[in-house]
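The form predicted on its own is given below as one chain in structure tokens.
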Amino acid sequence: MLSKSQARTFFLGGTVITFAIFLGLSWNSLSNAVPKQTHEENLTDQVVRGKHLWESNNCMGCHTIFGEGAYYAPELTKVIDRRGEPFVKAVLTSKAPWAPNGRKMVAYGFSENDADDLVAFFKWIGEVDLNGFPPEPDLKQ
């Protein structure tokens, strides 16, 4: 059994060591891993405009990116790989709402330039190294 002073020393020592490990891992992530995995060098004005469109239209209210967001509509992290650029642009520029599988997609009717910006954003997202997310589907079932 530890005395009161030994327990305090053990707690404070463990806290300091754990905090130091946390700071080291945070520094490593921010200085090495994140820039390499996100490909910051590929961020263009078009990608940034696509991100602003994504946020201003509250797309995350229905869709997910990187597993974050609502689960009403499909995950869009690798949508260009799955569906292709022409399909995505057709959905974004559609003037009429459509309801695949009973889920209604709002008809935003984006302009060609806005659709191109969003496609550039989706392409950039698809190139981010997410350590295997989303997993490839098991088609052997």
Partner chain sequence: MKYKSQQVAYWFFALSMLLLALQIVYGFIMGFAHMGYDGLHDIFPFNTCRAVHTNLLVVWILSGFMGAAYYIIPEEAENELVNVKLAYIQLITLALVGVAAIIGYHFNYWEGRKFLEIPRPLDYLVVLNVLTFLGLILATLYKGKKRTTTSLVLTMGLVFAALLYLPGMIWFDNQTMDSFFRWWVVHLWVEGVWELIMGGILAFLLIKITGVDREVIEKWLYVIVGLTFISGILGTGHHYYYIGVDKTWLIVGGIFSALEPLAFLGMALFAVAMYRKGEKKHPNKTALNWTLGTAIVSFVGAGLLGLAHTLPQVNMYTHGTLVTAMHGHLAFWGAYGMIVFAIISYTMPNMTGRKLFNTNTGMLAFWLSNIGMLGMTVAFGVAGVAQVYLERKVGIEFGLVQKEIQVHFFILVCCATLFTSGITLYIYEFIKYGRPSNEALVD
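Numbering follows the first chain given and starts at 1. In this text, rigid core is short for the largest set of C-alphas that superpose within 1.5 Å between two forms. Keep in mind it's a predicted model, so treat the numbers as computed, not measured.
Another form exists, predicted together with its partner chain; not displayed. Remarks below refer to it.
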Residue contact check: V91 to its partner chain in the predicted bound form, 4.5 Å heavy atom: no
4.5 angstroms heavy atom contact with its partner chain in the predicted bound form for G84: no
Residue contact check: D129 to its partner chain in the predicted bound form, 4.5 Å heavy atom: yes
A120, heavy atom within 4.5 angstroms of its partner chain in the predicted bound form: no
Residues within 4.5 Å of its partner chain in the predicted bound form, restricted to 100 to 131 and counted by heavy atom: N101, G102, R103, K104, M105, V106, Y108, F121, W124, I125, V128, D129, L130, N131
Core-aligned C-alpha movement of W27 between the shown form and the other one, 2 Å or more: yes
